[in-house]
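Only one chain is given next, in structure tokens, and it is the form predicted alone.
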């Protein structure tokens, strides 16, 4: 798993780490029960404070993506289908918001958007 962080980003580093790990879990790059790098090792690899990595791991654990076993490390939690579904719904909502903005700017009607959506869903576009 490669985590690339940007010091130039407006997104905090712990959020970048959290999102990279979450994406790897959702895309099956990280499998259920797979061990994550230790907080200290990942911090050393990324050349950042271990507290930053710890914050990312803590949030991932609170959200149910990983679990930590004292003295053993952090592991990918078994997939929670409802959690994955909720993440996908949030992603779809973000795309729909962009579509709504573009359609308003371009004066495209709701009916046209719905028709286009139906064509795409049916594989006609």
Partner chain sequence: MENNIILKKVSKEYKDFKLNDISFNVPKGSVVGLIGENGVGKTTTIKAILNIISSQGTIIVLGKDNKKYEQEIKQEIGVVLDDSFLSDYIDIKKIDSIMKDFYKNWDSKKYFNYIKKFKLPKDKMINDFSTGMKMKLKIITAISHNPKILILDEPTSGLDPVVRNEILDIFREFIAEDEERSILMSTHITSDLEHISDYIVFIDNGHIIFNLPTEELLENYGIVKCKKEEFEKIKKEDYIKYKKEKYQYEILVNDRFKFKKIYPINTIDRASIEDIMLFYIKGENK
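Numbering follows the first chain given and starts at 1. These numbers come from a predicted model, not from an experiment.
Form predicted in complex with its partner chain: not shown, discussed below.
*Asks:* Should residue 51 be counted as a contact of its partner chain in the model of the complex, where contact means heavy atoms within 4.5 Å?
*Replies:* Yes, residue 51 lies within 4.5 Å of its partner chain in the model of the complex.
*Asks:* So in the model of the complex, does any heavy atom of residue 13 sit within 4.5 Å of its partner chain?
*Replies:* Contact with its partner chain, yes.
*Asks:* With the partner left out of view, is residue 122 within 4.5 angstroms of its partner chain in the model of the complex by any non-hydrogen atom?
*Replies:* Judged by the heavy-atom cut-off of 4.5 Å, residue 122 is well away from its partner chain in the model of the complex.
*Asks:* At the 4.5 Å heavy atom threshold, is residue 80 in contact with its partner chain in the model of the complex?
*Replies:* Residue-level check for residue 80: no, no contact with its partner chain.
*Asks:* Check for me whether its partner chain, as it appears in the model of the complex, comes within 4.5 angstroms of all of 19, 27 and 67 - heavy atoms only.
*Replies:* Answer is no for this spot.
*Asks:* Only counting heavy atoms and a 4.5 Å limit, does any residue of 55-74 reach its partner chain in the model of the complex, and if so which ones?
*Replies:* Just 55.
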